[in-house]
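What follows is a single chain, given as structure tokens, in the form predicted on its own.
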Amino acid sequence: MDIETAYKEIIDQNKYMSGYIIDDQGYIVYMNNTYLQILNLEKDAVLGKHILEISPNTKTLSVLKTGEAINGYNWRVKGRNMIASSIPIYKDGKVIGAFAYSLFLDILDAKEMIESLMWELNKYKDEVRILHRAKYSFSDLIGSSEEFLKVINLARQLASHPDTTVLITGESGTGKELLANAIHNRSARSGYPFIRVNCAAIPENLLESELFGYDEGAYTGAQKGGRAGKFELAQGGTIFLDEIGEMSYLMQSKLLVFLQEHEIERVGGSQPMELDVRVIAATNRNLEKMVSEGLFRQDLFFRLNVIHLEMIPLSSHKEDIPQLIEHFLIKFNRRLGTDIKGVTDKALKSLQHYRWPGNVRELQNGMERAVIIANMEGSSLLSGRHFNFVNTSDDPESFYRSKDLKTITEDVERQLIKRALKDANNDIQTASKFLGIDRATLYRKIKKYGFSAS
């Protein structure tokens, strides 16, 4: 959410507060209902008018000239005494407008209310940054092979050019999103939001309002006061458009407008909004082929393809597999509380000969399963049996279709309980000690799996 939208929400949510926003020339771009009621005017009668026409004695114009706020001055309108403040609105170090608001003096603790409202505004801005932050850095991109490092080193250099549009291509699971995160986190935009949008996951009829937001009354059921889109939330930062190849031709045209003009227009809106947002797009599709087939706009492709980074498949840098395995072992041991020491030589050899159609994501998921199963078996090393998918299929989806993680976990648990009961001659107390769980838990699992015990 940009600062202007946040100011609007503050004065709209408090019926005791009147306020307006002017642009850098002093023309009114917004006035809330409370102030309109005090002035006994309709919205159409003030929007677009110069502030001096509505408020001849305003102090807000001086804020545009000096760039400094005027806080806590007495203000009287239509017989009402108020305490008022005028605040400059900055963008890129330049004053682009001003926000003026007033509180009725008959409200108790007016000073505390102002401070509370401004604190809420700053808190809201901070929450946007925290919720929409890039999670990964270049340290999360593991590998030292020559081909892999070529891509990573180019991306590191690119990070120092925070306005350059980037297109990342590559097969599914190669780490395109991680790379986008890393570029943002290393750039001058790192202190601002990183907004991810999966273009394939949002229905086409909702994508426009999701990206560009909408004004109040734009359509039936539209939120009162309108809603900011993903581009507005990304102000100052980066928007990551994943699976850009799935975007409809119409939406491609609207995205092209932003890349050319750096402006958006909300659904149902009438005024363009200038934004400072970097675009990083990613796809596993061949956009050049889509252009030749008329499925993707050529002019948009040229705009996106300013810098092209291609993430290579894992099959092209298998020498990095031992390094990746070590990285995932540390990660899962820490997260799962396990203590798996490593992988047997035979298993490692099998992993390096596997085709890896699902790339690094497939390796990561396979490692997590292997660590869980090995830990439940009491193994300290991962062996070939923990990676049964490597020897059964080159189709990564067959690995996930065969048995999901819950089913595999239950199979192993069932076998361990069966073995413990047998070794304990069906004595619950002894078997629970073998398994390291209490008797009540063991009883529940015995019932779950249909075992009999004394």
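This structure is a prediction, so every number in the text was calculated from the model and none was measured. Numbers for residues come from their place in the sequence shown, where the first is 1.
There is another form of this protein, the form predicted together with a small molecule, and it is not shown here; the text below is about that form.
When you look in the predicted bound form, the only residue of Ala347, Leu275, Met367, Leu141 with a non-hydrogen atom within 4.5 Å of the small molecule is Leu141.
When you look in the predicted bound form, the only residue of Gly226, Pro162, Gly173, Gly245 with a non-hydrogen atom within 4.5 Å of the small molecule is Gly173. Just one listed stretch, out of 183 to 191, 380 to 388, 295 to 303, 326 to 334, contacts the small molecule in the predicted bound form at the 4.5 Å heavy atom level, and that stretch is 326 to 334. Among residues of the shown chain, Glu208 is not one whose heavy atoms approach the small molecule to within 4.5 Å in the predicted bound form. In the predicted bound form, no heavy atom of Arg156 sits within 4.5 Å of the small molecule.
Though the partner is left out of this view, Asp215 does not reach within 4.5 Å of the small molecule in the predicted bound form, counting heavy atoms only. In the predicted bound form, none of the heavy atoms of Glu232 sits within 4.5 Å of a heavy atom of the small molecule.
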